[in-house]
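Okay, so here's just one chain, in structure tokens, the form predicted on its own.
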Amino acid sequence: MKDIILELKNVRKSFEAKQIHNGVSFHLRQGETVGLLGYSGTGKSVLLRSIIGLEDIDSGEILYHNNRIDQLSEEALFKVRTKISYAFQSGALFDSMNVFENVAYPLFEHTDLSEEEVEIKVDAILNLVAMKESKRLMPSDLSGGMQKRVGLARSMALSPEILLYDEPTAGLDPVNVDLILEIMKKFKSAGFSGIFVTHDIPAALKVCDRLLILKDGVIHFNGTPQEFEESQDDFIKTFSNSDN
């Protein structure tokens, strides 16, 4: 069994009087993709942001390779974020940069690669997400699906160990959903680990090794896609038949 590389222990988080997480615990193994699902408002994206320090947790522990990262300084978190990369739901591209420049940005900022080396690497990444022919286009020239693919490309530019996918298929037509899922499968086959926040149960079943279901501030279900589909738990049966 592969090593555990990320672990959340009894994580609690509230916004004023509203308790979001009430003791969330789970782990992620090397090379594994887990789906993080739950009804709207259960704090799925908040968990992703907490992992990389964009949200402060109230209590509990977040460990990366057995080292706590939930209490790190902003400078120390900067280094963690090169190893745990966040793919934002919208793509979050820089409007003033073209596709190539958006993907190249982390490489120029965080590596000593030459311009030629950056170009070779970016071309390879864009080829992986079927966007190489569009590298000189601006974000405003791209469809929503294309923007998300570029966002995914940028998220893995530094070859992180873990990719945090924040609803990458949301709002897309079936063709673009399939494209995104194929990209995620490519990343997985290349050895990346991932946490896939989604409302799309069929998509999660296609790419995830395990599914985690948030309910009442804790992980209510943690199991394989087959265990999810065969579960006799009343909540899971209702959840699997809902639109979330």
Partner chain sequence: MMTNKIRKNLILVGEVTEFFNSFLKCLFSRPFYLNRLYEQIIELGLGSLSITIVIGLVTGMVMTLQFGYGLEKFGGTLYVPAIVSLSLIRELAPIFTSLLIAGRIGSGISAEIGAMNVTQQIDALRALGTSPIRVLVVPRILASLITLPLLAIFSGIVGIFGGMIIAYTEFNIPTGFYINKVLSNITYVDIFGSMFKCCFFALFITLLACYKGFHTREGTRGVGNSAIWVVVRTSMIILVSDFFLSKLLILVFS
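Positions refer to the first chain, counted from 1. Everything quoted here is computed from the prediction, not taken from an experiment.
Unshown form predicted in complex with the partner chain; subsequent notes refer to it.
From the list 80 to 88, 116 to 124, 130 to 138, 170 to 178, the contact stretch for the partner chain in the model of the complex under a 4.5 Å heavy atom rule is 80 to 88.
Within this chain, P106 lines the site of the partner chain in the model of the complex, having a heavy atom no more than 4.5 Å away. When the partner chain is considered in the model of the complex, L72 lies well away from it, no heavy atom lying within 4.5 Å.
Taking non-hydrogen atoms only, G38 never approaches the partner chain to within 4.5 angstroms in the model of the complex.
Although the partner is absent from this view, H199 stays clear of the partner chain in the model of the complex, with no non-hydrogen atom inside 4.5 angstroms.
This chain is displayed alone, yet in the model of the complex one of K215, H27, K206, R49 has a heavy atom within 4.5 Å of the partner chain; that residue is R49. Heavy atoms of every residue among L54, A92 and D95 are located within 4.5 Å of the partner chain in the model of the complex.
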